[in-house]
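As structure tokens, one chain now follows by itself in the form predicted on its own.
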Amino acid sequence: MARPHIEPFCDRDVPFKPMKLKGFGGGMHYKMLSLDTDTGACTMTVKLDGGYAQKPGFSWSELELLVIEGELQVGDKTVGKGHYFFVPAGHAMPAWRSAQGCLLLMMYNTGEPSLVESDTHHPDARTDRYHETDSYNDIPWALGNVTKPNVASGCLIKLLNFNDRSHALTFLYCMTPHFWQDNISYHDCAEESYHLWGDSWMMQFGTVPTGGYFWRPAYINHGAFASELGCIALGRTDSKLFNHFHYNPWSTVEENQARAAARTAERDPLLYRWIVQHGHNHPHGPEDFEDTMQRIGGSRKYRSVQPDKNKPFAHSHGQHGQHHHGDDKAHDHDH
């Protein structure tokens, strides 16, 4: 997704604008949180005025919706705060109404906001993927170990949606009072968050209040984290979530990318060569900066190969302190 890095941002700091796109009725207002200028995919805070009414119809884009405040009538069903909808592209929704008005979080994932008046689904819609739930009351909190390695204890989640093709996730998460985690992380995916209630703090970006939002592309350092009184937020990723943890706040996006590739090369060397090196059997993979950074006791990568305890940053390239480049000529390393 070609969305820029947006962090920190609070939607309370900007005014609502009237929604003027074709198909949406009067009385709908929005605050744009993030926008993919290539596809039109976006995330918006949306306010519906009291008495708002919308005819049945479907969107050309996949839609996720969460009720933040108030009540929304969808067909014959009235839903309130915390109700979540996952609506596939082309899935026709019944008429909407809001007698007293409500506040929504709306996420169009695959295209710009659209509404085509219809009471039948588009023939190509993946209607089997539609689901909805009262996320506050119908789903219990679970440990935040949806991925390994997982976050510190005290961060809990409720999984709302899982994409079986991309492994993208949508979930509620909470930080319990006095939650903290002292390391730094980055991911191979973009991630998004909107604070529904409460505050949290992050070393790089400061305090995120109620209404706080970020869209963070892959490989950007974030952390350490803390929350004094706790918070509840909606989080999303655009692909598989993996936590790369470390303690180097100065590493760049490029270094983080190289480190992620290095870890892939170690874990799945044949897959790495096939994808990146196209079968070229070069003995050296990309650099993991945590393996080669200077530290007392020697670099981690070489610590298991006859470390010299008398030299703080000594390392060895094998039994004879040499390595070969295929020309039968060795060269020495004397650090």
Partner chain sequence: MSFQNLFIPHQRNKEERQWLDEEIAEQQLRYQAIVKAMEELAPTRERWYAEFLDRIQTRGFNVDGDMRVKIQHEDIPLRPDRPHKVVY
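Numbering follows the first chain given and starts at 1. Model, not experiment: these values are computed from the prediction.
The protein also exists as the form predicted together with the partner chain; that form is not presented, and the subsequent description refers to it.
No member of the trio Val74, Lys158 and Thr176 reaches the partner chain in the predicted bound form with any non-hydrogen atom inside 4.5 Å.
This chain is displayed alone, yet in the predicted bound form one of Glu117, Glu228, Asp138, Glu112 has a heavy atom within 4.5 Å of the partner chain; that residue is Glu112. Although the partner is absent here, Thr237 is a contact residue: one of its heavy atoms lies within 4.5 angstroms of the partner chain in the predicted bound form. The partner chain is not drawn, but in the predicted bound form it has no heavy atom within 4.5 Å of Val46. Not displayed here, the partner chain is approached by Ser251 to within 4.5 Å at the level of heavy atoms in the predicted bound form.
Although the partner is absent here, Gly40 sits close enough that one of its heavy atoms falls within 4.5 Å of the partner chain in the predicted bound form. Only one listed stretch (96 to 104, 74 to 82, 130 to 138, 200 to 208) carries heavy atoms within 4.5 Å of the partner chain in the predicted bound form, and that stretch is 200 to 208. In sequence order, Trp215, Ile220, Ala224 are the residues of 212 to 233 having a heavy atom within 4.5 Å of the partner chain in the predicted bound form; the partner itself is omitted from this view.
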